[in-house]
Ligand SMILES: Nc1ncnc2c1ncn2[C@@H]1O[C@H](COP(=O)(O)OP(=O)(O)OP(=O)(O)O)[C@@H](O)[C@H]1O
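Take a look at this single chain in structure tokens; it is the form predicted on its own.
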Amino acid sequence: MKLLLKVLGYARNLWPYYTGIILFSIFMSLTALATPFLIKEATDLMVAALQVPQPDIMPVVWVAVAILFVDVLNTLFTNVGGYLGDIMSAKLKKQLSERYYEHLLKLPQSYYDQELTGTIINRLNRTIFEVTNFINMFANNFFQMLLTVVMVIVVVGIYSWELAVLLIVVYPLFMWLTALTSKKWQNWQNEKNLETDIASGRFAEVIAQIRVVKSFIQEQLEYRHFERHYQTTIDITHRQSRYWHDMDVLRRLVLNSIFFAMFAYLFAMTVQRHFTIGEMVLLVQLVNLSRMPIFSMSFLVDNTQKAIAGSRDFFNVMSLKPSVADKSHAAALTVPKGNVEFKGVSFGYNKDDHVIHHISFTADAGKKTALVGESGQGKTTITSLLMRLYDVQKGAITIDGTDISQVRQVSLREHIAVVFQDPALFSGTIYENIAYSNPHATMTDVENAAKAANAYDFIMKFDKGFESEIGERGLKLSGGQKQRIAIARAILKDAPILILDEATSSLDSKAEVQVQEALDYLMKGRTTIIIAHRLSTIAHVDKIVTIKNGRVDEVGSPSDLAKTDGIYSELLDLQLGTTEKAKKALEQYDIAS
């Protein structure tokens, strides 16, 4: 229960709702408790009336009116309290979701490297739903029942301390018997949650890449993968439910025996005239009032267990500390020139296994620097370190002499624009995607950025122009169109440092020309770091840094490195050789035709 109380502590500002729920729960309990007293009164009146030849019926009628009045009050209190509980639950869900989402956004890139997107999403939905659903039920039902039980024990104690003791014993006894099954039940529940999260994570991944699934005809494979995890939850539920209900039978048999003793004692004492008929009816009703919460407690405990398991997942994520964090003295970064320098930088996603080793080079202000090397050599890692998606483990990265680890991350990234190989657009309009880098931009600013990115003409061919919806990840646009939207977004940001991560590698020749023109405009006057394999992208750069086995191999201009036997020279020979072969093949085709 500590975890659930901790959840409520996350939303202390909801105390007016907590207070209102408590007050109306008290009112509901009092009105629920009033009815047995009124029925006792009616019973005593009727017993007395049976002794009179012509009894007066009005006292009994007034008791019935009182019962109606109490019932109406109980109905009003129940619904007002229920309304407060619903609103409290909705607000709590909102606040927990916001806190969870806000925390996720602060977690480092390494967290997302290890988790499936769908798993993260499902964990948010499942844990917060289970927690808020439990609290809503507790506020609307269980809390009022618990108050009623306390009041019942007090009233029963006034008439019979023996019955009150039996009632007092029942609850801790039931909770103790339940606790015996609790740990094992929660372990099974954690296993089920894990299986559900894995299935949901894969589900989201498949939906996002449905073209790949269909092109390789693997629908059945993915379905079996999904079905297997959910079948595992059923298998676990068989064991979990059988164990729970076997234990519940034992718990209920113990309770049945105790309530048998209560009723036997109550009836015997009434026969011996220790209680009047009216008092017996009152006590029978009160015992039954206390009995209902006990027998519904299995449902309460079941939901409590799920909420505790859910809250544990919630707090496991919330307890994660960002590995990339601003220092207490971190200042805002200023970039008068944009000179970027890597000084002996080493880094590995696992601390004992470095991806890059002692990387040192300078990207001169306003110049174009290309990173060249085979796949997996650490080029993208280098740019990720520049953006501080990860922190370097050795060495330092400076911008105009300022170590980026000493400045605020927000101010660092404000000065860096990125165009990825995957344009990474969002659902929404073209305008929203371009303005994503500068939400305060005017329509004129967005249009000018689109024109500079060679995107304006194709945008205006859509019926709604800049207000056209592009679908999830921009699926309604071609590759070249998406890339030009991404370039327009970077142009609008107007940052002094630019990263191009293979921005033209997936385009056809015509689209590449259009995108390259936009990139040429974007790179003017900016410190640009380019990751590329195509010579057309890096032929006119000012400097090439070749990366081999995670280390700097060569540094120089394209003309200088073309004369060596290094990586760039090999790439140049390979691409030119491919071109010559293509020409010969074309000549042979022409002769044959």
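Numbers for residues come from their place in the sequence shown, where the first is 1. Note that the structure is a prediction, hence the values are computed from the model and not measured.
Not on display, but discussed next: the form predicted in complex with the named molecule.
### Task
Report the stretch among 131-139, 371-379, 270-278, 232-240 that approaches the named molecule in the model of the complex to within 4.5 Å, counting heavy atoms only.
Result for this chain: 371-379.
### Query
Of V317, V287, V355, A495, which residue is found within 4.5 angstroms of the named molecule in the model of the complex when only non-hydrogen atoms are counted?
Comparing distances to the named molecule in the model of the complex, the residue within 4.5 Å is V355.
### Task
Sort through D463, D113, E98, D457 and report the residue having a heavy atom within 4.5 Å of the named molecule in the model of the complex.
It is D113 that has a heavy atom within 4.5 Å of the partner.
### Residue contact check: Q421 to the named molecule in the model of the complex, 4.5 Å heavy atom
So Q421 counts as contacting the named molecule.
### Message
Whether Y349 contacts the named molecule in the model of the complex should be assessed with a 4.5 Å heavy atom distance threshold; does it?
### Response
Close contact exists here: in the model of the complex, Y349 approaches the named molecule to within 4.5 Å, heavy atoms only.
### Task
Give a yes/no on whether W185 approaches the named molecule to within 4.5 Å in the model of the complex, heavy atoms considered.
Looking in the model of the complex, residue contacts with the named molecule do not include W185, since no heavy atom lies within 4.5 Å.
### Message
Quick check on Y390: any heavy atom within 4.5 Å of the named molecule in the model of the complex?
### Response
Taking the distances in the model of the complex, the answer for Y390 is yes, it comes within 4.5 Å of the named molecule.
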